[in-house]
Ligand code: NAP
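Next up: a single chain in C-alpha cells, the form predicted on its own.
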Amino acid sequence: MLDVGFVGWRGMVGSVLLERMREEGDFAGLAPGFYSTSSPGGPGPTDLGFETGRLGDAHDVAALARHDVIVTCQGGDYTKAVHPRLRAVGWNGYWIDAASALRMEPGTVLVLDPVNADVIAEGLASGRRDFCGANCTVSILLMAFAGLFRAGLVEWMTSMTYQAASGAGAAHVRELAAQMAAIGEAVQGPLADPATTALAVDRSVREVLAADGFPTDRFGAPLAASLLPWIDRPIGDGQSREEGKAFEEGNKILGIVGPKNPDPIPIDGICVRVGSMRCHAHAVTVKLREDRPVDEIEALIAGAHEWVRVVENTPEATLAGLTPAAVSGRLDIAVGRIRKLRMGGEYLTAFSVGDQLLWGAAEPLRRMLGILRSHLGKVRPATEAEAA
C-alpha cells in the first residue's frame, strides 16, 4: 500500500485533484495523510468516502518523511521552504508538485503523460524523485497539438493566449465576479428602460470601470468588460515570465533539451487574461517543416491521444464546441479553426481550448501518482500486509 501525504488540498487545484481522485477510485489501495499549513490538528476532508483523521502540520518534516510520496498543490513558497529540508534529512521519496518552483531544475521531470510518457518513464528508470506539473497554459497547448510535435512537423509556433481568471487563483476569481456584480448594478437602471441607447449603456459601464472603489486589488486593473494583455512579471526584452514558459517548459515537456537535443523549438507569443472564469485558449500560428494537406493535419491532431477533439471549421460547430463554456469541467481538449494561411502551404493557424484546472493542473498530478503506483508495484515487492 502506497503511503501518500497531501498538502494544499483546499485550494482550487487541490480541490479538483481530490474530486478527480474520488471520481476515479484512486484512493483505493492508498494510505493517505492530509496536511495543513494553517490549521494542523483540524478535521481532514469529509467528502472522500472514508475517515481522513486529523490534519498534520505541513511543515513537520519528520511527519512528512514517513510518506512514500508527497503530493502538493500548496504553491511555490511552500515548496521552497519544505522540499530542501526533506531532502536534507535523507528523505528519498517521490515529490509530485503543482507549483513552478522546481520545474526547471535539472533533476525535475515535467509530467504530461499523454504527451511525454516516454520522458516520464525515462525519469523513473533513471531514479528521478521530483515530478512537477507544468504551466497550465503550456500543458493545454501541448495537449492540443501533440500530434504535430510528435510528427516532427513544427518548425516554430506562436501562441496567443486567452487565459481565464481562475488561472490566477481563487481570490482572482472572486474579484472578477465582484467586478461583474458592480457592472451589473451600474447598468440595471439603464437596461430596465427600453429607450436607453447602447451608447448610454456603454457610458455607464465605462464610468463604473473608472470609479473609485471598483475592485482591482488582485488584477491591478478591470478585467470584466475588458482584458489584460500582461500576465506575470517582466523578464526582459519586453517579455513576461508567463510568455517565457511556453518555450522553456514546452521544450522540457517534449524532452527537447540538453546536449542530445541542441535545437529547441521556438515557441513564443503574448499571454492575455480574459474575463472567462475557467479554461485557457490559444490562437496559434505554426510554421510547418513541410506542406501537408489540412485533412492530414487534422488526422494527426485528432490521433495524438484520446482527449483531443477536432472541431469542424464552421460557424455552427465552432460556437457549439470551441469555447470555454463548451469544455469547462470536461477532459476534452478542443482544436478548431484549422486552416492554411496566405503566407504559404507551410503556415497553419488553429484555435484550441481546454480546462486548465484539469489538464493544466490537477489531472497530470493524478495520473503521475497512478504511474508511480504502477512503477513501484513493478520494482518493489509487496509486503505481507499489502499482499493480504
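These numbers were taken from a predicted model, which means no experiment stands behind them. Sequential numbering from 1, following the sequence displayed.
Omitted here: the form predicted together with the ligand. The next part is about that form.
- Shown here without its partner, the chain carries 96, 116 and 253, none of which come within 4.5 Å of the ligand in the predicted complex through any heavy atom.
- Of the candidates 357, 338, 334, 69, 357 is the one whose heavy atoms come within 4.5 Å of the ligand in the predicted complex; the others do not.
- In terms of contact with the ligand in the predicted complex, the residue from 276, 74, 179, 159 that brings a heavy atom within 4.5 Å is 74.
- The chain is drawn here without the ligand; in the predicted complex, the stretch among 33 to 41, 319 to 327, 343 to 351, 46 to 54 whose residues come within 4.5 Å of it by any heavy atom is 33 to 41.
- Taking the partner from elsewhere, residue 103 is found to have a heavy atom lying within 4.5 Å of the ligand in the predicted complex.
- Contact check for residue 136: a non-hydrogen atom falls within 4.5 Å of the ligand in the predicted complex.
- Proximity of residue 167 to the ligand in the predicted complex falls within the 4.5 Å heavy atom cutoff.
- The ligand in the predicted complex comes within 4.5 Å of a heavy atom belonging to residue 12.
- Within 4.5 angstroms of the ligand in the predicted complex, the stretch 200 to 228 places no non-hydrogen atom at all.
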